[in-house]
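So this first bit is one chain, no partners, the form predicted alone, shown in structure tokens.
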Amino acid sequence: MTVTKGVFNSDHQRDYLKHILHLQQVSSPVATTALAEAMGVAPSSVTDMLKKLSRKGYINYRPYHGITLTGEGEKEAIKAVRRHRIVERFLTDMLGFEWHEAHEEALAFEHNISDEVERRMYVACNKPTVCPHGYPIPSSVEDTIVSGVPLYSLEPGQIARVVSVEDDEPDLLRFMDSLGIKPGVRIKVDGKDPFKGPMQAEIDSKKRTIGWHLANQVYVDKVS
């Protein structure tokens, strides 16, 4: 197969690489159906894009065998993830956007800034290490791995600090905010109902009830 490399000139292709990177950390090789679901597109559209990315040397792809990033694809994916998270940080820290607004706002223009603008945003925000949602601002694949365990894995009496939240959905982030759940916040688990029932917790001296689904999207480091 002939590999055609050159300037990476497709925002859409870059978004695919970001999703492949994320899914690859969960299960590798990445299934085409999993990628289609994550991108919110039809499997046939995914197949066409995968062929283009493969020809450019950004992925290893064979039908029915899954997808993995090549070294070059990994490099582009990391670069895209880093820029997105720096822009999110700039929007919240410098322009006053709420964390539930930052993801969508960043998507709207992150592809249209230069490397120098990205660098200056990073410096203006005092070289942050994480985005507003607690995800690392990466320089390598190792930097993209989120530490911590799901909040729901904690038992009554345990205390933890929120590291990150897994969802970029604005309504869910807004709801988390109403409960006081944000990176850096301490949570004490008071109780947990059986059979995937809700958990009872204390956040900022307030009693809260957190459902199973939400508690599994909040990652924490145990304090005790």
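Residue numbers run from 1 along the displayed sequence. Computed from a prediction, not measured in an experiment: that's the story for all the values here.
We do not show the form predicted in complex with another copy of the chain, though everything after this point is about it.
Listed stretches are 129-137, 70-78, 105-113, 147-155; the contact stretch with another copy of the chain in the predicted complex is 105-113, by a heavy atom cutoff of 4.5 Å. Remark: residue 86 does not count among the residues lining another copy of the chain in the predicted complex, judged by a heavy atom distance of 4.5 Å or less. Taking the partner from elsewhere, residue 99 is found to have every heavy atom lying beyond 4.5 Å of another copy of the chain in the predicted complex. By the criterion of a heavy atom within 4.5 Å, residue 141 is excluded from the residues contacting another copy of the chain in the predicted complex. Highlighted residues 176, 179 and 210: none comes within 4.5 Å of another copy of the chain in the predicted complex, counting any heavy atom. Annotation for 119-134: interface residues with another copy of the chain in the predicted complex are 120, 121, 124 [heavy atom within 4.5 Å].
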